[in-house]
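Below: one protein chain in two forms, given as structure tokens, structure 1 then structure 2.
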Structure 1
Amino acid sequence: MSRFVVIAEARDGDYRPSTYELLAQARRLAGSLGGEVAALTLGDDAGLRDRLSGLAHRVISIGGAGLAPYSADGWVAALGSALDALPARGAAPQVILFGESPRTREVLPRVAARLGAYAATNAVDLFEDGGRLLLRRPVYGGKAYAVHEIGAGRVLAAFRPHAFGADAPAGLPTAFEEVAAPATESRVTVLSSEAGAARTVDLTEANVVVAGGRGMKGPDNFHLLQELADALEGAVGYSRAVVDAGQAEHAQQVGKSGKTVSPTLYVAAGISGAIHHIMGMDTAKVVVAINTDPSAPIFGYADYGIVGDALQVLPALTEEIRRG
């Protein structure tokens, strides 16, 4: 009996898409390996728990004073104690699945340290092979993938958006439970926060990313990227050359020293395809490259290549998509 625990994280009035994806994969694995699927939801996020009905065997809401508004200290203490109350069953694997997010990045390692558990971030797959439970994650910027076997013990693992499809059979009988978190005071105080132009969440979780490079010839043409992105309900990203030129925010940069994206569709317009850029988008499912130079390296990482002027091809494509 394996146990899969999904940390259900909300944003903007619903759970993140990754929550549903992780729950779906947990149901598939529990189906083939045998086991239980639980969802843990904390603080304000727990208010949405009805949406998890049928998606897990157990939905455990954690409430308490230190959880809303969010603080890393509060969440670490709450998750630590809730997971401690879900002891491992003998030698069966116990995997706690998180979606990659800024919260996950500050909470997961600390909970793992607290519990003495294994930790893995940036994972792209959790799968069964001959009865073994395996986890895959890129290393060295995607130059290779490491595959780990999950045996006895607890593993806290964070998965990139779009790692799994969300369409697994549901309809599980769901038991709702509530637990109280230990009272915790945050040792970090938020002094101020300001909204920026770029919402990185749109970029990392978007199903479609339309990215522009130096070949877009400056901000005057960036509306062409936005228009295609809008037509495809996607987000816009940029290469570092564009960000370094001060034409876009660092939060919108795709690549090694920017954001890693794994959308279903990635359109690279006027991007040469330097390895540092590729590292940020290589796990996209389908890649379209538009470049005037037929020998541009980006074509080596694309599924569809168009040798042509992005400033002409983008609007034509937008028009065609709008037509449906």
Structure 2
Amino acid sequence: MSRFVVIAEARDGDYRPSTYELLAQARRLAGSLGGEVAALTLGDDAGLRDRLSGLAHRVISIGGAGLAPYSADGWVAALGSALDALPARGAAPQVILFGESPRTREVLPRVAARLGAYAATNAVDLFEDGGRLLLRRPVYGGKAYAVHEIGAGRVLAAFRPHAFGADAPAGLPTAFEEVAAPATESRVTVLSSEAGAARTVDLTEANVVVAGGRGMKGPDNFHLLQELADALEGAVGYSRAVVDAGQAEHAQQVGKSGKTVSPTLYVAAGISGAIHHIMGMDTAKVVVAINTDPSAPIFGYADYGIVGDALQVLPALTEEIRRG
């Protein structure tokens, strides 16, 4: 029985890092709870599936029209059909794991409704305790965490990037299988697609995020954020106030209505720390806050706080880091 199934999402010639993280956690849990690990691939990842060899007991590839270019209707039909047929193929999953992404947010609820399964999004942990399988996710705007026990019935769960390490032992004997997606008509026709401006590091998957708020005093100073991010091999994000002012793209917004990030290091420069913003970065491992106001709420979430002007502190930090 494949107790865990990971939906492998491809992008830019490889699977997203969250795919490897989820497979690693599934292997850890399968080692303690029993059962197999399966990876489900679909769409535009032809030629990539060999990269999953050793990482799962079986890799099931869904092929067919309507999967590339991506359309939500095609993916929902393909995933719903494939997951529904898994018990007959000797793989009755208990948990289907997704990485949080725009596609996941569009597809997961519809697949769960189609299957009559439970759904959980924005999860941060999946772990075993005394033989029980437990899932943790934030509630009440990130002010608390709920722990859910996974019992009978299927659960579709989406996890934040960096929720798990990808270093679990691999080397599993892997069987490769192929299934055909059902023919389906999409209500939306993709006429063309245009890539946004290329970024060295994806915001949601970056190990380091340097984020700026109103305290940066406008776009003329945003290069200070980028210089520190470049020195740390990280990505740049912004608060909602900056994005609402039209000074940065929504794709770089961190917060409830923007991106959720879980980096190893999060630098908040000139950000007050409204709960809307905290909800997007509260699972960062280490938070460094820079603000001129010593009573700014962000300091209540920070591991290290610097009371000072970000326009002066950021260049000094960048210089020290470059100096090594």
Ligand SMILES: Cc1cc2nc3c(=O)[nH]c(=O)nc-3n(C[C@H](O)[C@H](O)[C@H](O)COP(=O)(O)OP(=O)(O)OC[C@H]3O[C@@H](n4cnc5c(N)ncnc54)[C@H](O)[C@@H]3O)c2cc1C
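Residue numbering: structure 1 sequence, from 1. By rigid core we mean the largest C-alpha set that fits within 1.5 Å across both forms. Just so it is clear, the model here is predicted, and its values are computed rather than measured.
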{"property": "Number of the structure representing the form predicted on its own", "result": "2"}
{"property": "Turn angle in ° for the smaller rigid piece between structure 1 and structure 2", "result": "11"}
{"property": "Once the two forms are fitted on their core, CA shift of Pro315 between structure 1 and structure 2 in Å", "result": "2.4"}
